[in-house]
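Shown next as structure tokens: one chain only, the form predicted on its own.
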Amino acid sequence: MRKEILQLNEKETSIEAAGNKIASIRNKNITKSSARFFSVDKIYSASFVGEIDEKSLLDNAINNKESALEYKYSLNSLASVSKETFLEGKNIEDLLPEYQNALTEISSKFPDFIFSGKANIKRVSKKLKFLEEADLKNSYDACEWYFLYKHKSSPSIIDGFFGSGDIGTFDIKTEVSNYSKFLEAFSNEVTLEAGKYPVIFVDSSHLFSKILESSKADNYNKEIGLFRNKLNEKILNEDFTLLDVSYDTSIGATALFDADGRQRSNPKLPIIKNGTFNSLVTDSRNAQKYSLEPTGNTLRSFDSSSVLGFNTITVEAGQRTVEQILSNLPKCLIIEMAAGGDFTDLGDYSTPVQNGFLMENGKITGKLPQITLTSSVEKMFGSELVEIASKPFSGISKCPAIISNMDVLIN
């Protein structure tokens, strides 16, 4: 029998900006706990928000007979671990003046825009205790911030955004300074002919959804997904490697252990490796069901049952920087906002672009007109993949920039 206590604590400072001014500052300190008792074939559980002692919480779980869930998998071995990633050279109190100074400077430099946004910094502590077996602890400081902007003459509610999310650090001033060149070019709308162009999505995470759908063990064995029955086959460009990363604070991956207390020996799981469908992701239940090895992808919140999910998804970095790649491209489209697009079941993709910029030989020349992009999974990451950079395009995403040729329609 296994007895488990999960405790999550977040101490957070949240800052909101509106109309070029700081509008509010809020602080909160929340502790959430849960207990699970594994009998021979059932899991008894209970959760609680606030302070509660371990014995009372565990007793609540054991006595919660009505919500017991069956489980049919072997319990994994455990090992204690503890890591901390806190701010270095800065304090949590530094966030407000840095965010406020950045807001003052950018609104003064660009008086034709209205800026709003949010910044928050939190100290997260996650403790997973298995009574008489192991203690697992992970603590870190996480900072996320962004600015939304609207040109005063624009009919849109929001024209664009920029920001960053980091673990153990933040540098708002540098990111704002780097983005200034886009605001300078915003009022210069360029003309563009329909055709095929290299494209970079500032945040490319939504482009992986059809690949990830195919990689879930349950989906794959039920023949659900674009790449059903293609495990170990070459399906995409050999320069494309898609990774599920459990722990790497430099890219915001903080899953030192999964919900079952499992720790990966290698935090990087290649779902696609050099274009080949390499791995399925599994949790304890699916691993037992399909005779697979668990991959450390068991997820759960403090008040829910376990589910199969993903950690932090990224691609393996290339050799050249974004700047080196762009300097050799006569034209490249930088896509900042593209809401409303989606994939078909066959992997075809289409999306309207609400905000984007044209770069020519590495220099921003102006704002894109209203366009629609079309492509497919197999083109974007296969035949039309141009190159993957050695680093992200900006702080919005920690995934290395992906440059692919896409078809452009003028709206």
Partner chain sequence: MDHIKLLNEVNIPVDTCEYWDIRIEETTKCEIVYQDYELTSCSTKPSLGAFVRVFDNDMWFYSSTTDLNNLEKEILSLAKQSKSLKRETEKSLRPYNQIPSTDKIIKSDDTRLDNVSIDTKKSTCEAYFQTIQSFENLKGIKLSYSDEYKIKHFRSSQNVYFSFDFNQCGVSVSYTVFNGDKQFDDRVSFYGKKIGDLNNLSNEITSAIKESFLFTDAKPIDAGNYPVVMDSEVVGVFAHESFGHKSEADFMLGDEEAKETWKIGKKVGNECLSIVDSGEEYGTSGYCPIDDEGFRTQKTYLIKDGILSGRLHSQHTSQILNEAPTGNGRAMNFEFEPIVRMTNTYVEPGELSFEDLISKVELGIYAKDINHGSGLSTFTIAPRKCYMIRNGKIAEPVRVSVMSGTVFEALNNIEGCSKNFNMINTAFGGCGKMEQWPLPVSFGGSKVLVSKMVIS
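Residue numbers count along the first chain shown, from 1. The structure displayed is predicted, hence computed values, not measured ones.
From this point on, the text means the form predicted together with its partner chain, which you will not see here.
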item: Within 4.5 Å of its partner chain in the predicted bound form, all of L69, K118 and K289 (non-hydrogen atom); value: yes
item: Segment that reaches its partner chain in the predicted bound form - one of 176 to 184, 336 to 344, 269 to 277, 253 to 261, heavy atoms within 4.5 Å; value: 336 to 344
item: Close approach of P352 to its partner chain in the predicted bound form, 4.5 Å, heavy atom; value: yes
item: Heavy atom of T365 within 4.5 Å of its partner chain in the predicted bound form; value: no
item: Contact test in the predicted bound form: S305 vs its partner chain, heavy atoms, 4.5 Å; value: yes
item: is_contact(Q370, its partner chain) in the predicted bound form, heavy atom dist at most 4.5 Å; value: yes
item: Interface residue in the predicted bound form among K331, K83, K109, K222, criterion: non-hydrogen atom within 4.5 angstroms of its partner chain; value: K222
item: The single option of Y146, Y140, F310, F130 touching its partner chain in the predicted bound form, heavy atom within 4.5 Å; value: Y146
item: Within 375 to 396, the residues that have a heavy atom no more than 4.5 Å from its partner chain in the predicted bound form; value: none
